[in-house]
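Same chain, two versions here, written out as structure tokens and called structure 1 and structure 2.
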Structure 1
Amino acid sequence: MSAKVWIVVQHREGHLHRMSREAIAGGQQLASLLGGTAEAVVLGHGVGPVAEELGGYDLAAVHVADAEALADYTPGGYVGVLAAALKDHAPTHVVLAHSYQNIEYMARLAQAVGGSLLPEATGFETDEEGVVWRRPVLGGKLQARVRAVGPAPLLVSFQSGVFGGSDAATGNAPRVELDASAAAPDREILGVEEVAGEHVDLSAAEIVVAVGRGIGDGDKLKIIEALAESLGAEIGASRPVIDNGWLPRDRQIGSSGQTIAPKLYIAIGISGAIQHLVGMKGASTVVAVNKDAEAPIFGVADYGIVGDLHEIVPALTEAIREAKAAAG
């Protein structure tokens, strides 16, 4: 039986979630590796714009479950529709982004269809026995190579940043209506509130300037703020900076913080512990500044600068400002 990969997308206010674009890219690559097809699935109410956007990807089909009972996400609503659809259409793999919403219901869905579960995958390859998956263990300190041995379908969630959303192949996918009559919402949504305070979603930033304990003290962050301002970047940090109270918790990057995939990541005074690296490994370009030439961060950096960050960062900021001024 050839592989059939279903990609269940997440959306909000008529737009695909960033991580869903990454899941599409991953699902397409998985289908190609297995010689099968990739298809998208979208659930909700009034999801025409999302379905239209999905139609622009290289997919065999876009399955759409549009019903008032799915207007708000609930685990019961999603599991009811998806379980029935998976039994009817029998995909071999179901791919999702490893988001808070998806991990809430995917184990319940796997149980409902008698399938297998593999959360937070970071990659895959094939050997003579089939697909070998990679996923973090011990809080991201190690990467395990595992093989799924349970029954199909296999439900897989991909960690943020593993695939680039811009890498998803485009095409012209037909829309197919999906029966939504099995939707059974199991909670009433009273409202949705944004996180209060100065919370920042670093995963949405194209440029991130991250600082580590090498800065020395919290009162020395002004040079980091100036560099970020010159680049139009967000500021992130490694765990020691957060634990010392120099920056708020929502700025933490790593296995116990946010996982990001910016176009440009500048690591300043960060040694490069594995717990931090798992949070930024999806960055397209990495620049590292550290006085220790043997720091692990240089092993993943595209460009490295060895020296005193207190001298290098102000000079870099001034050079960026001058270049912008010259460009008009």
Structure 2
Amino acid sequence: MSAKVWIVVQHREGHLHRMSREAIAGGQQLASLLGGTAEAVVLGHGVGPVAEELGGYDLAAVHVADAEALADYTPGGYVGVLAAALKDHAPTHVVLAHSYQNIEYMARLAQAVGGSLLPEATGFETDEEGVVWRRPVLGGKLQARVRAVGPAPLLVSFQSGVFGGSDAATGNAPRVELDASAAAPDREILGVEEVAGEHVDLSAAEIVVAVGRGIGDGDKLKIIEALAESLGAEIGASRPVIDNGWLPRDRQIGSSGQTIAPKLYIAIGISGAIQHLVGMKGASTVVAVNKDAEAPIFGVADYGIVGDLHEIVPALTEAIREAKAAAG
């Protein structure tokens, strides 16, 4: 059986989501590895421009479900239409970007069609028995090799950054209408709000000192403040620091916080989970201080010190003050 890879895209205000371009690249590569075809699927209302954008990729078809019931994304709307479409068209694989919206409904779609589910893939290859996928486990500390062993279709989401969106092959794909009558919206959207806070814009900072759960307690933050002051840096944080109420939410860096690209990023007591990394991977120089030599943050850092932050941070502050004093 040859593979038929469906790539379900996400869009906003008439444009493809950045991660969906990466998913197109990933879906195309999967199809070519398996010797099959790749097709895109878009759901929404008035999605003509997105369908047109998709038409410019090397895809066997662009399936379009356009209906008022799909104007706002809802799990019930998307799962209703897609479950019916998967039964009609029987793709072997359904590929999505590992975005919050897609994660929310893809599991439910897998359940609805009795398929298989593989969230957060970071790569794939083939061996003599078929495809072997990679995905992180235990907060990214370990990488797992995984095989899909259940019924088709296999629903798989690709983590951000695995494929380059600009690597998606271009071409000329025909538009095909998809029956949208099974859309069954199951929520009423009341509005969108920005997370409350002082609105610190960390993206403007040249140097960011970021603190993680490893600090142990909110009242230990003084050493971080001193370090930030010695560097003229802004303070950022990983999510648990915010969740614990040690710093306000507008200091959070990561997928549900700010995205920054400072000249220098110093991660202190941060393990380096993917949701954090996506917020700071644009930094030019990354320093990590962590007591665990196997912490994933060292995989993305340029310089690392392994040890207790309560000793290292004050020493670092001291060294910076001295260096600045020497420089006059």
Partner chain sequence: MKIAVCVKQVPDTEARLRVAGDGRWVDEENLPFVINESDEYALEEALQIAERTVGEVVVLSIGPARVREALRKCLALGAHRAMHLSDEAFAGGDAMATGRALAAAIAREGFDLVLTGSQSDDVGSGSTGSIVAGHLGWPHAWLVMGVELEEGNSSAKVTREMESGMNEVLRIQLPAVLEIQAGLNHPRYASLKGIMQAKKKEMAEVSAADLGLDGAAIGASGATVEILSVAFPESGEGARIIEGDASSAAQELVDRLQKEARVL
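No experiment lies behind these values; they were computed from the predicted model shown. Please note that residue numbering is based on structure 1, beginning with 1 at the start of its sequence. Just so we're on the same page, rigid core means the largest C-alpha set that superposes within 1.5 Å between forms.
Both panels show the same chain in isolation, but it is structure 2 that comes from the form predicted in complex with its partner chain. The Cα shift for Q159 between structures 1 and 2, taken after rigid core superposition, is smaller than 2 angstroms. With the core held fixed, I207 shows a CA shift of 2 Å or greater between structures 1 and 2. Core-aligned CA deviation for G279 between structures 1 and 2: 2 Å or greater.
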